[in-house]
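Heads up, the chain below is alone and in the form predicted on its own; it's given as structure tokens.
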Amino acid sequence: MTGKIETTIKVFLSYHRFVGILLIVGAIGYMVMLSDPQFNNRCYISEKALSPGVVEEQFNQVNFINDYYAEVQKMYTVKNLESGKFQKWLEEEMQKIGLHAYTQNFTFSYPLILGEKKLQGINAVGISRAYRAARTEALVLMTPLRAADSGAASHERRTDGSVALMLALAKFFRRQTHWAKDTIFLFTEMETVGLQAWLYAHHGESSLLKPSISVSDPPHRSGSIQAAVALEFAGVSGWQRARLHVEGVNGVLPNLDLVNTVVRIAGKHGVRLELHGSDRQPALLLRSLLYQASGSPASLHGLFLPFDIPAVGLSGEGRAAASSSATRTAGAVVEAIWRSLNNLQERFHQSFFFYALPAIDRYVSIGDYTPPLGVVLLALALAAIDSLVVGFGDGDASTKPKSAGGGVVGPVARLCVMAGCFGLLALVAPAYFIRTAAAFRIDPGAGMLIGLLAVQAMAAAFPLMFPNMIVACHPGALRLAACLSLGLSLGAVSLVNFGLAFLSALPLAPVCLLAAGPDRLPAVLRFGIGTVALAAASPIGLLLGGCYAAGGARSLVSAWTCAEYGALQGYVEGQLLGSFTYRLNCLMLLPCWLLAWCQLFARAWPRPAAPAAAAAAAEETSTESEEPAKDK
């Protein structure tokens, strides 16, 4: 009976490649199926205290917005922003309104990019105190300070409308007595640098800032921040269409209740929200995973999320004041959001923190979107079990190793260490790549991408430079190491960034299973197909493919340019914001890819015969030569 079970297991495992590919295809189909409304859920509000849209908005001070917008248009220039004149004007205006206002100086130095140059920036902050509470809680409404003197493209990035709207809301909020939480109006310079400086200073943790950022302590503080909203609008009108941003650093998401509150209030006022610029549900789900896998914040709101502060971002082009009704919509939407958040009696906790959005008003919970990754890992587990049960894949039980000293585990372990060394090289070398590029007057992004391409080329050439290390590895043992390392790495990455783990598993798992290729194919064809597939699934290949999939490239040249920016951004954000996407790619995915690459060469090159097998062959040859002599 035991023999029949063992035979059945061996027969089943002999088709593990076919079963594995079916499992991966099924995982992809399952994920696409989740985009259909029949297999996901409609969003709902779990925290009943929010009651979005129940109150009647009272904001009708369109003249506040128009007056401030006209003044901002005059003052909001690059010269005034760099000199601090504009921030000083903001401070004075907020003090006139009755806010506790101040300006905060900070410096930023990053020798790798800026050399010895130090940049100085100024944040403007105003705090509207609550009337009906102990002032131990606060909400943050913020916008980045971006000025441009001319140019249509630069005008789209201006935030004139956001600045004017926030000043008008500050003046309006001071006249209301129902606020139970402080409102912090935050205007930050230098994008993420200024916001990060203020966040650490507000929490009294300036000593934990990166050495590249130094900031002064704020003269006024508020309570614990319950939620935050980041606005980026060039105009105060034209809010009929806006973009919603949810992803933060390392793919962290805000509580789903906050997202649903913003969506419902926007729908009540006729504002159409877009997520990642797509309305098609399969494409929207894919882009959500891509944004999460990048580890970059979708907007400035993403820097609040590592502090356990739920936050979302709203952006759009906007226009100058066209009509009073269109201008009033901007203020009414923000007021309604603030009225809902003002009702919170405790921190966001009742709804999901782990979810995917196939549509702006539908969600997929973590229990529904994680099984596809488990199915992919099961395919890798079957390949690993096959290597153990069927003599490391050669089908001969005599080749199974008896111990680590049997000469099978040692060569594979040394190869795994070398693969890790290549990953470590890719992690620490970008600083030298960027400095070398600066010496030759090359763009830092181009220099870094060329350097990473050189590291990958060295890793790809490793089997050719050290063929003895590859030949010494048993193909089955190497396949076991490749499948186990990839499966464990993907499982570990999924705990911190599911999008990165799943999107990396889709190309890497099939090529890892098929790196050796079916025995029925000719050796040359098998090697050629494996080489092309593994080159496409390499880290640089996945980066270029991600640029195409994200819609940021239309040709090979534009994809290369997008990849330059993406590689540099990932490295710099890892240094400044604590993003670990680049580190995970270097220390986990690159070594796993190299093991699969070496597996291809180990199968293609003939292995030397073992001493026992060679002695048996020699004895058999001598026996055959003696028999003709006896016949004679």
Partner chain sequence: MYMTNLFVLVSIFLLFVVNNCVCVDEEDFSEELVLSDLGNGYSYFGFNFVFTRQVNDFNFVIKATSSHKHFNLFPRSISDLAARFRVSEFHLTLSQGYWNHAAWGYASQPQPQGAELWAWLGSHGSESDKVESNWREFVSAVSGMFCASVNAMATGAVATSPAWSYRPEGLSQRGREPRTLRLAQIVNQGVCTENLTPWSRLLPCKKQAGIGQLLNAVKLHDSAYNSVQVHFKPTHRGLALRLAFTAVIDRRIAQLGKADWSVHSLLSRAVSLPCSLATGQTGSRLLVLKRTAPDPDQSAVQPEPLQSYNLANGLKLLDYNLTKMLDDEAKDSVDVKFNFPWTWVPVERLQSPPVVAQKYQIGTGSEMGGVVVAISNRHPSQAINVIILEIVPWQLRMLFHTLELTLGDNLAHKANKVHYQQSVDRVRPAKLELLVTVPPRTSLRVSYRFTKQLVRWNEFPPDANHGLYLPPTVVSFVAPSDSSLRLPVLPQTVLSIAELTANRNATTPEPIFVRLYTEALLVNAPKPDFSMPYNVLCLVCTVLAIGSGFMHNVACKLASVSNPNPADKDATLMGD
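Positions refer to the first chain, counted from 1. Here the structure is a predicted model, which means the values were calculated and not measured.
Omitted here: the form predicted together with its partner chain. The next part is about that form.
Undergrad: Do heavy atoms from each of 137, 177 and 349 fall within 4.5 Å of its partner chain in the predicted complex?
TA: Yes: 137, 177 and 349 each sit within 4.5 Å of its partner chain in the predicted complex.
Undergrad: In the predicted complex, which of the stretches 127-135, 422-430, 332-340, 286-294 has residues with heavy atoms within 4.5 Å of its partner chain?
TA: Looking at the partner contacts, the answer comes out as 127-135.
Undergrad: Please pick, from 101, 470, 373, 303, the one residue with any non-hydrogen atom lying within 4.5 angstroms of its partner chain in the predicted complex.
TA: Of the listed residues, the single hit is 101.
Undergrad: Which residue, 241, 79, 220, 268, is the contact with its partner chain in the predicted complex, using a 4.5 Å heavy atom cutoff?
TA: Contact with its partner chain in the predicted complex is made by 220 alone.
Undergrad: Residue 117 near its partner chain in the predicted complex, any heavy atom under 4.5 Å?
TA: So residue 117 does not count as contacting its partner chain.
Undergrad: Contact between residue 202 and its partner chain in the predicted complex at 4.5 Å, heavy atoms?
TA: Residue 202 belongs to the contact set for its partner chain.
Undergrad: Check residue 192 for me: does it contact its partner chain in the predicted complex (non-hydrogen atoms, 4.5 angstroms)?
TA: Answer no; every heavy atom of residue 192 is more than 4.5 Å from its partner chain in the predicted complex.
Undergrad: May I ask you to check whether residue 89 falls inside a 4.5 Å heavy atom distance of its partner chain in the predicted complex?
TA: Contact with its partner chain, no.
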